[in-house]
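This document starts with one chain, in the form predicted alone, laid out as structure tokens.
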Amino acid sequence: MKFSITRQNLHQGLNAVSASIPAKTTLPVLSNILFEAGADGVRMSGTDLDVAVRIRVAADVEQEGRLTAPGKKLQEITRELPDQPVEVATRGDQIELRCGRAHFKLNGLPADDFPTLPEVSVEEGWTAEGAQLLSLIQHTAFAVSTEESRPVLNGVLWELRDGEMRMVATNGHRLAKMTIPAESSPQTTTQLIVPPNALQQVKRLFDAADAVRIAREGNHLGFVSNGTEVYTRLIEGTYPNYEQVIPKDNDKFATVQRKPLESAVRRVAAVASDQTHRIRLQFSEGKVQFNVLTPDLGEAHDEIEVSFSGEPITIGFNANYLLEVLRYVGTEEVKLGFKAPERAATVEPVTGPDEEALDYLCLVMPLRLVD
């Protein structure tokens, strides 16, 4: 294998692929990036066996070939190279880099040792606008569970229906659900449970302006656009019926500026228990009062203005879950809905007259208040 490539292209390719390399692995070849030089340029691939990334970059290929080489080391070297063309060649299982006066030789491993990437034909799939796809991921993936007791909750539920796409994520304490209109796809009413790591790679590698081709093949899902490919193993299982936990009969509503609410929650949460992070919110006409009492630490009280309708309600929350939901709602104003102190509360964005309405809802389970 022998090719010449600009430092920028080499650095861009290594950056894209290196994030898929596992930090620790018992398989040495997984620490490597697979280089494949061909007539259409150079393809670089990396995988942790669950998520794989492949990118094609432009290069002048003199001799075609394949080899794997240490990904993180190549990334470190390329980052510091002068802005000049890089000559890359292989001798046996070694890869050589020459750039200006710099010369490096790194030991690689045979390309045949590298895991085979999934074969997913995106021609049979559907297309999603990058902006819509990234918005779905941004607004939902944060809510996945990190506990291993229920594997299906470790993924984001992605529903494809005729004319719409929806993503849902929950850990049992908070939930995020977003729906957007989408083109009709041949895979109507499909449910996929996608690992959040794969979605983070999609978010990192694709732009809002991209048209992303997506397809499923067996238990794998592929995303392809402009020479960049992301493949992931799907999580198997049946996602719980999330519609059952979303309250439909809330009769108490508060509309509030998001930033003052976040600030007040953070202030009083400083005095909350490190175990429960419990804070007490008391909503009544025109205001919400915050109270925290932690016997071995102290107490905190605060108050901000809100627009509130309904009977007054006192409800407890884990401050961390409430803050997390508020951070991802994204609008300047939010609407909170309640039914009773022991029932889930909803948080929705309030869009202005010139903004596009969002079909987005978050849910936060309350904490039992102890007097």
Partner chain sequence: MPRTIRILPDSVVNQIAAGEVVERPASVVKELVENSLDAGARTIEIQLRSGGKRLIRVSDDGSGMSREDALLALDRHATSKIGSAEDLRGVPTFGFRGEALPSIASVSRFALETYANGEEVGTRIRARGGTITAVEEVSRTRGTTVAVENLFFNAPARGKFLKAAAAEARVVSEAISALALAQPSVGFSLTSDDRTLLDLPSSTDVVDRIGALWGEEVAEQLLAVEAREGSLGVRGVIQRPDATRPGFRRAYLFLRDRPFREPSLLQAADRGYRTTVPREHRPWLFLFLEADPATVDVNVHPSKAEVRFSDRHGIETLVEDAIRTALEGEDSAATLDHRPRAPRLQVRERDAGAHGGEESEEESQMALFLASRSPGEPASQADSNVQAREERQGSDRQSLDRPDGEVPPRLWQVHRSWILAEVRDGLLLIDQHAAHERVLFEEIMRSFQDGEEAGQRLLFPLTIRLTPAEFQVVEDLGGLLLRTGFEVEGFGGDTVIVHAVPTPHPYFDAERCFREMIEELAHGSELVRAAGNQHERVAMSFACKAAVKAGQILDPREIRELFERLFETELPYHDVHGRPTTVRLSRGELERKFGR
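Residue numbers count along the first chain shown, from 1. Source: prediction; values computed, not measured.
Just so it is clear, the following notes concern the form predicted in complex with its partner chain, a form of the same protein that is not shown.
K.L.:
Choose one stretch from 276-284, 193-201, 263-271, 113-121: the one whose residues place a heavy atom within 4.5 angstroms of its partner chain in the model of the complex.
P.N.:
Looking at the other structure, the answer is 276-284.
K.L.:
Indicate whether the candidate residues Leu30, Asp48 and Gly227 are all in contact with its partner chain in the model of the complex, with contact defined as any heavy atom within 4.5 Å.
P.N.:
No.
K.L.:
Which one, Val152, Ala102, Ala209, Val245, lies within 4.5 Å of its partner chain in the model of the complex by heavy atoms?
P.N.:
By the 4.5 Å heavy-atom cutoff, the listed residue in contact is Val245.
K.L.:
Answer with one of Gly172, Gly298, Gly163, Pro82: the residue that has a non-hydrogen atom within 4.5 Å of its partner chain in the model of the complex.
P.N.:
The residue from Gly172, Gly298, Gly163, Pro82 that makes the contact is Gly172.
K.L.:
Find out whether any non-hydrogen atom of Leu10 is located within 4.5 angstroms of its partner chain in the model of the complex, and reply yes or no.
P.N.:
Answer no; every heavy atom of Leu10 is more than 4.5 Å from its partner chain in the model of the complex.
K.L.:
Can you work out whether Met1 and its partner chain are in contact in the model of the complex, taking contact to mean some heavy atom pair no more than 4.5 Å apart?
P.N.:
Close contact is absent here: in the model of the complex, Met1 is far from its partner chain, nothing within 4.5 Å, heavy atoms only.
K.L.:
Is it the case that Thr346, even though its partner is missing from this view, gets within 4.5 Å of its partner chain in the model of the complex, heavy atoms only?
P.N.:
Flag for Thr346 set to no.
K.L.:
Does its partner chain get within 4.5 angstroms of any non-hydrogen atom of Pro240 in the model of the complex?
P.N.:
Pro240: contacts its partner chain in the model of the complex.
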